[in-house]
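What follows is a single chain, given as structure tokens, in the form predicted on its own.
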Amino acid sequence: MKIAVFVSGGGTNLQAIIDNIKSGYLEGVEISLVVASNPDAFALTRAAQNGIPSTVLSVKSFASREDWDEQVLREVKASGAELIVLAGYLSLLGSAVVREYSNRIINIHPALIPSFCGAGMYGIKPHEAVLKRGVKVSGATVHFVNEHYDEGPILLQKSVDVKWDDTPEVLQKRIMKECEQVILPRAIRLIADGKVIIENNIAYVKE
């Protein structure tokens, strides 16, 4: 199964996917394209180091959001990707891409949806909100993507305890390592194996 991985920053989740392909856990999975929202994303370096084709498609570089949306769709289709994986991607996908790849786009969100999600909740912000609210458990969620922030079917979740002395940065790193980099490759494996069913905005995993 070919996948397109969308990134905006350092690409730690992209690296987790690459590592799981190399280890054989994601046997039969190939990253056919890395799409970055900005040219300074270190994830592009990771792609180059592993011989993975990449492109930069910033919405700011296009005359309209619709033009950007259509170009993203063209690039992804040309790569042969069957699944889009948003791995730390900070832009909201356009409607053309979402329609064409309905139930074939997944995102990793650094909190336990439906808490601490939605517009503006990205990067360090969910972790700041978690600590400000004083919740005792946080984690990450892999969900399918629709045209609204974090509202698609939930596929996988994993939690960690929030410690009394956590800072947003410490919590962010722990969730990345113990949650995001664990469940994102697992979600790709489940989809590649045909074990995911979506009904009425709920994702079910066949045992």
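All values reported here derive from a predicted model rather than from experimental measurement. In this text, residue numbers run from 1 along the sequence as written.
What comes next is about the form predicted in complex with glycinamide ribonucleotide, which does not appear here.
Note to self: Just to confirm, with a 4.5 Å cut-off on non-hydrogen atoms, which of 93, 73, 83, 121 contacts glycinamide ribonucleotide in the model of the complex?
What the structure shows: Contact residue from the list: 121.
Checklist line | Among the candidates 44, 176, 154, 33, the residue which, in the model of the complex, approaches glycinamide ribonucleotide to within 4.5 Å (heavy atoms) | finding: None of the other options qualify; the answer is 176.
Next item on the list: With heavy atoms only and a cut-off of 4.5 Å, decide whether residue 97 touches glycinamide ribonucleotide in the model of the complex.
Entry: Contact check for residue 97: no, nothing within 4.5 Å of glycinamide ribonucleotide in the model of the complex.
Check: Looking at the partner-bound form in the model of the complex, is residue 108 within 4.5 Å of glycinamide ribonucleotide by any heavy atom?
Finding: Residue 108: contacts glycinamide ribonucleotide in the model of the complex.
Check: According to a 4.5 angstroms non-hydrogen atom cut-off, is residue 185 in contact with glycinamide ribonucleotide in the model of the complex?
Finding: Result no; residue 185 lies far from glycinamide ribonucleotide in the model of the complex.
Note to self: So in the model of the complex, is glycinamide ribonucleotide close enough to residue 87 to count as touching (4.5 Å, heavy atoms)?
What the structure shows: Although glycinamide ribonucleotide is absent here, residue 87 would touch it in the model of the complex, with heavy atoms inside 4.5 Å.
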